[in-house]
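A single chain comes next, written as structure tokens; it is the form predicted on its own.
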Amino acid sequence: MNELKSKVKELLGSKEIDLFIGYEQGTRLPRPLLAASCEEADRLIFDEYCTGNLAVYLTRKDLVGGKKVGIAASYYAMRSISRLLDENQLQEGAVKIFGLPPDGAGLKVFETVAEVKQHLQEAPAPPKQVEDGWVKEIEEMPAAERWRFWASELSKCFRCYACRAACPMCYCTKCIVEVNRPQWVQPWAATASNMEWQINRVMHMAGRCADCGACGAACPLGLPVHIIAHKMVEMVTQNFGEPAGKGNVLSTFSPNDKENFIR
């Protein structure tokens, strides 16, 4: 941890970065910290509880616009940053990425897209045992029971859109749920419209989702919406290959794409 603090202080002091996005200790759990001074950098922490995807702040022009930024990035946050670079939402060289394993040891600083992509290809993805268990359990349900499960879960949603706010890839200035000419998704909270919202959200993430789980972690009701995204990532990988660098599979085409998933 001292290595992280020292490096951030060095970069802030030399004006190589104007802002560092990391974590500090909250009341119970770590919370985001936007450090703009060496004094603020002294509050930085990074451990196994720092699981939020901080890449979401990189698309906030009111926070980072025109600034040279450093960011503490877990494996899944680095996936998001790679996607944002591919989609021209970040300018190469404007972000210094501090890659950190869960225990915070072994700091790596990445400055180019190539370095990030190489790391993502070489480093093993952290296991998703809980999510894989959920998927297995749900897939073993008969279709009618599976429908009842999701209807029961999503009927509780009151459409606060915390899942959208937590996602680095939800950077549209106007979301589909805010469009009313035509009205794509009914704006009120109801089981059917809640399902429409989650299906639309996940479809927009196809080939783009980093599988970080931030959407589920942000839900104030604890609804397992991240499981839908996790299954979608699994299906994209099976049918289109590794998701890293693939891009939005709904807007790209290759003659080699499989078609056996079309029914």
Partner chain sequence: MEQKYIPKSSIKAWLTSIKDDGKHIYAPVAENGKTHFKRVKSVDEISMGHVQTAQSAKGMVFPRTEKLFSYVRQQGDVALQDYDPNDIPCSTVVFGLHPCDAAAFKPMTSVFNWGSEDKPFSERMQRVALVSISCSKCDVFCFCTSVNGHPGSTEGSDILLTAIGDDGYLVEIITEKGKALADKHAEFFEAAATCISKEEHLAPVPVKFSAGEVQRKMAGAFEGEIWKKQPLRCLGCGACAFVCPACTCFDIQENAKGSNGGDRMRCWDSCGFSLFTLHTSGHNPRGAQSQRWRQRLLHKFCYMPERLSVRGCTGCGRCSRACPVDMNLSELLNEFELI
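Residue numbers count along the first chain shown, from 1. None of these values were measured; they are calculated from a predicted model.
We do not show the form predicted in complex with the partner chain, though everything after this point is about it.
Remark: all three candidate residues (T27, Q183 and W188) come within 4.5 Å of the partner chain in the predicted complex, counting heavy atoms only.
Contact annotation for V236: none of its heavy atoms lies within 4.5 Å of the partner chain in the predicted complex.
For the chain shown alone, E131 is not a contact residue for the partner chain in the predicted complex, no non-hydrogen atom being within 4.5 angstroms. The partner chain is not drawn, but in the predicted complex it has no heavy atom within 4.5 Å of L84. In the predicted complex, none of the heavy atoms of T112 sits within 4.5 Å of a heavy atom of the partner chain. Proximity to the partner chain in the predicted complex, defined as a heavy atom within 4.5 Å, holds among R148, K108, K156, H119 only for K156.
Checked against the partner chain in the predicted complex, the candidates V56, L44, M205, M195 yield a single residue with a heavy atom inside 4.5 Å, and that residue is V56. With the partner chain omitted here, the record of contacts in the predicted complex names 164-172 of 68-76, 87-95, 164-172, 120-128, defined by a heavy atom within 4.5 Å. Although the partner chain is not shown here, in the predicted complex the stretch 200-236 places heavy atoms of A218, P220, L221, G222 within 4.5 Å of it, in sequence order.
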